[in-house]
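Next comes just one chain, in structure tokens: the form predicted alone.
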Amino acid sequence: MKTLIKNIHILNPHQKPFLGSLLIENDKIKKIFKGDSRRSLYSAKAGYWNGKDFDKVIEGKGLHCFPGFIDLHCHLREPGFEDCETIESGSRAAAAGGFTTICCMPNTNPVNDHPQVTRLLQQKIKNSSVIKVFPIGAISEGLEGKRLAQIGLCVDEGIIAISDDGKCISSTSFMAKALAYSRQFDIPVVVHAEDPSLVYEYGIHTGRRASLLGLKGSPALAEEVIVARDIVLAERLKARLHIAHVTSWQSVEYIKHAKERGVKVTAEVCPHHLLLTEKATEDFNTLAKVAPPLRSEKHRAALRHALKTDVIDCIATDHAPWSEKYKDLPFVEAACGIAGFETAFSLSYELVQEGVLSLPKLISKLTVEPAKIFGLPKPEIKENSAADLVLVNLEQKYKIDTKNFLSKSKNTPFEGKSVKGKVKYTFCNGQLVYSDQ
């Protein structure tokens, strides 16, 4: 199978973009032609220009080509919640968002805490996913924070990290045990930092907006004490710590100082925490209910600065699809989460338009940096590398419309929002897995 992509602006993170064309053969980038396609292709081999040598030719004029995006944090819901998402629907939604690699959290039913569950997931991924999916295992059995999961055996079956996501581990001694044990396998421990003993109601920030709604909410302190605790433990135990969906300015400060001391700590932030504040929860809007919650402008500004200055390493979606029956409930009862795959790039691209990040830095935060954290192959566009690519029209404006989502769930507070930057094609291992044409 040979595919030619012509006249695209090729951008690798940390390199200057250039105009060129790509020849994909099977699962690899076979050849990169620099410059105008008519001249460069004809000089390389007669017949390239007329397309006779290819199974597929894509005219990419006006498009930018990046390495495929990597998401370290998503929920595919299978097994157990297939009415909300499946591995197949989730992987197709991710491909529509430009992702070629995603890492799925363990809070399924059953929880991914046993090698048999990991093996089941790997088989489902092999049979139904259109992109690369890596499972994350649970830290504890049933995510209950009482007994360690069968981590070593799950590593043998392919998990690339362990996490408590969705259910913070409140026991300091248990978290210390988990961090110490993780060193045997050199895998990161991904933490959901939200001390349950300090949370009154999940999904809304303790502040003025919560007070107006008659709720007590979840204070930034609930995140901050866990971030501080786990950094201290990781530093003492020399373990790899990754802090999921950071939301607090104080957490940012703890992470910054820990990195300066050489602690093996990394962090991610989600597009919704970069763009929205607690105001989005007005009128008990459950579509804006997330855990940890949307916070005040002070916190949002700190997150943006931390991403710009590399205190926060990468952007992750925390794609958390829920069907209406889980969201169309009173605010306190509704599930937390946003379907994030298909809006992630266009929302994050607003940071470029606003001058917070350069385009190369944004792409790095979506590719190279997450790959480093989980030890994945470096994503780059070069000859003989995997043909994991996303083509984007940076100038195309559109309105987010959940009717067009490939995800089974439509839970987003960004419905109807005007954005810029449209994913047009996604290739994974040389296969066209998404086309907007």
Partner chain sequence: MNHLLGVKELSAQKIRAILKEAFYFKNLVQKKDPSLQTLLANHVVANVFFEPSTRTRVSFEIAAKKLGASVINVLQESSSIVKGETIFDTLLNLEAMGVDLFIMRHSEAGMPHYLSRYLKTPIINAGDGAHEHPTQALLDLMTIVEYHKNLKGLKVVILGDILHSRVARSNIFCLTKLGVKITLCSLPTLIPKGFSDLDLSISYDLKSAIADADVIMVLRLQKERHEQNDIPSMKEYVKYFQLNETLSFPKKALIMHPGPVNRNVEMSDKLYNHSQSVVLSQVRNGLPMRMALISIFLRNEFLAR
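Positions refer to the first chain, counted from 1. Keep in mind it's a predicted model, so treat the numbers as computed, not measured.
Beyond what is shown, the protein has a form predicted in complex with the partner chain; the following relates to that form.
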Mind telling me which stretch in 346 to 354, 328 to 336, 171 to 179, 74 to 82 gets its heavy atoms within 4.5 Å of the partner chain in the predicted bound form? 328 to 336
Hey, in the predicted bound form, does residue 262 get a heavy atom within 4.5 angstroms of the partner chain? no
With the partner left out here, check for me: in the predicted bound form, does some heavy atom of residue 206 sit within 4.5 Å of the partner chain? yes
In the predicted bound form, does residue 212 have a heavy atom within 4.5 Å of the partner chain? yes
Is there any non-hydrogen atom of residue 305 lying within 4.5 Å of the partner chain in the predicted bound form? no
Interface residue in the predicted bound form among 146, 257, 126, 216, criterion: non-hydrogen atom within 4.5 angstroms of the partner chain: 216
Suppose contact means any heavy atom within 4.5 Å; which members of 84 to 108 contact the partner chain in the predicted bound form? none
